[in-house]
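Below you'll find only one chain, the form predicted on its own, shown as structure tokens.
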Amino acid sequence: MYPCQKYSRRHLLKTAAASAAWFATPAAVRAAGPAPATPVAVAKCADYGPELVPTLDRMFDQLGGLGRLVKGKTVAMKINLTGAPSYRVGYLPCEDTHYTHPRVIGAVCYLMSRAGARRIRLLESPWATADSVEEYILQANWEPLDILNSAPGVEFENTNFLGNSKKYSRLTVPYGGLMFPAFDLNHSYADCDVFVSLAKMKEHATAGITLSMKNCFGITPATIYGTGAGIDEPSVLPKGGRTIVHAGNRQPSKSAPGELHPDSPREDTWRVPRTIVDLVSARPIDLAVVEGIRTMTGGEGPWIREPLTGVRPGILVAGTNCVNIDAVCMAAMGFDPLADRGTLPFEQCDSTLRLAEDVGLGTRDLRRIEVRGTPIEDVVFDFASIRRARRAALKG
């Protein structure tokens, strides 16, 4: 929906200068020492059949077990249902290209319940709708009961608006923020003991890649950060996508904290990565699972103008530090996690991983990250080479 634009060298230099002027790592973060590094589990998984549950179970054991994280707890799990269910890559179902697969969602719910989770809320802010998530996924030809019955205590909530609460919850960015000092979010992101990002492994037109961190961009309610958000107060119903964050054409509803620097660059390739880092700092990810069993190349959804292809990398990645896991995922996709703006896959956007590392969320240096299970080199599916070939064909 928001494809990367092609910028001149002069524009890139101007944006880089603006970035340097507006982005400074807080002194307290710089003094805190090296960014954290925690183990990441990697596995091959060819399909969504009987091998899925034991593969995920083994990966969670490699991370120390789910019980220590979820036993007796309320778990909030952000899934990825980006774009309306009618959007398709050819004739492929949404779950084979850009949605988190329902069998992966059900498998993780089952394993969490078996590990003692008391309650599991599945959260998403579906495209510009106040319908229930169940109603939304029916349009994608899913059966909601397949997921709801995967374990006791599973429920959905549409976090695009107020939902089952009387007020929004304000979550503050601990270092003060790069774009926003705090966010007003649906109560489910605060009323939980454990927050999980269950993401799809994909490229992204605006952010380069979308993995565990970018998945959390969708936690912002459209009633406050959407095209039709209320001016003084949140709108009653969500209207449109999150253009306030993408384009910066106006501020969020006045009831919520506004931007720190309203005169900073308005380019989405500058704004979105910084907002993502603020979001995952305000609502930290306790566990991330990135599903790349089947996915797509070329972008995050069928609306992207580049050639899109459904692919089957057969990869699962899990970890407890979002930066560490996204770094490993990038390597599994054939990209360099140390890449920065101007380098694949961040040719025209800032690296969310670098920004997150700079504020102390985690390291993107693979030399400091212990990979458990299958070595990265044994699971690589080379998105990078496909991307280079696609760009060369477009130029030719």
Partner chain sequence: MPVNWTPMRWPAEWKDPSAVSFLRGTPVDALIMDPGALARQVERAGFKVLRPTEAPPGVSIVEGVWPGIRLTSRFGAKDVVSTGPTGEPWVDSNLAPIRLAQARQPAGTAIWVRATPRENSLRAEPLVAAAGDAAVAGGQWVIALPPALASGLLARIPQALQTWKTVSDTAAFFATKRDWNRYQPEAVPGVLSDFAGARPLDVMHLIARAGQQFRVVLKQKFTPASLAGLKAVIDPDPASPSGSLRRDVLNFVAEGGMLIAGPEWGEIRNARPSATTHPRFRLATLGKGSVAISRTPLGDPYLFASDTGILISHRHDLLRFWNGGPLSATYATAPGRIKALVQTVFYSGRDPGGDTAVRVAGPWKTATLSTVEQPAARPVKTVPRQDGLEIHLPGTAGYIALELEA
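Numbering follows the first chain given and starts at 1. All values reported here derive from a predicted model rather than from experimental measurement.
Note that the form predicted in complex with the partner chain isn't included here; everything after this is about it.
| task | Please check if E306 has a heavy atom lying within 4.5 Å of any heavy atom of the partner chain in the model of the complex. | result | No, E306 is distant from the partner.
| message | With a cut-off of 4.5 Å between heavy atoms, is Q139 one of the residues that contacts the partner chain in the model of the complex? | response | It does: once the partner chain is placed as it appears in the model of the complex, Q139 has a heavy atom within 4.5 Å of it.
| task | Determine whether any heavy atom of L145 comes within 4.5 Å of a heavy atom of the partner chain in the model of the complex, and answer yes or no. | result | L145: contacts the partner chain in the model of the complex.
| query | Contact between S86 and the partner chain in the model of the complex at 4.5 Å, heavy atoms? | reply | Flag for S86 set to yes.
| field | Sole residue of K239, H101, R271, R119 within 4.5 Å of the partner chain in the model of the complex, by heavy atom | value | In short, K239.
| query | Which residue among P93, G176, P284, G153 has a heavy atom within 4.5 angstroms of the partner chain in the model of the complex? | reply | For this set of options, the contacting one is P93.
| Candidate stretches 242 to 250, 131 to 139, 313 to 321, 289 to 297 - the one whose heavy atoms come within 4.5 Å of the partner chain in the model of the complex | Result for this chain: 131 to 139.
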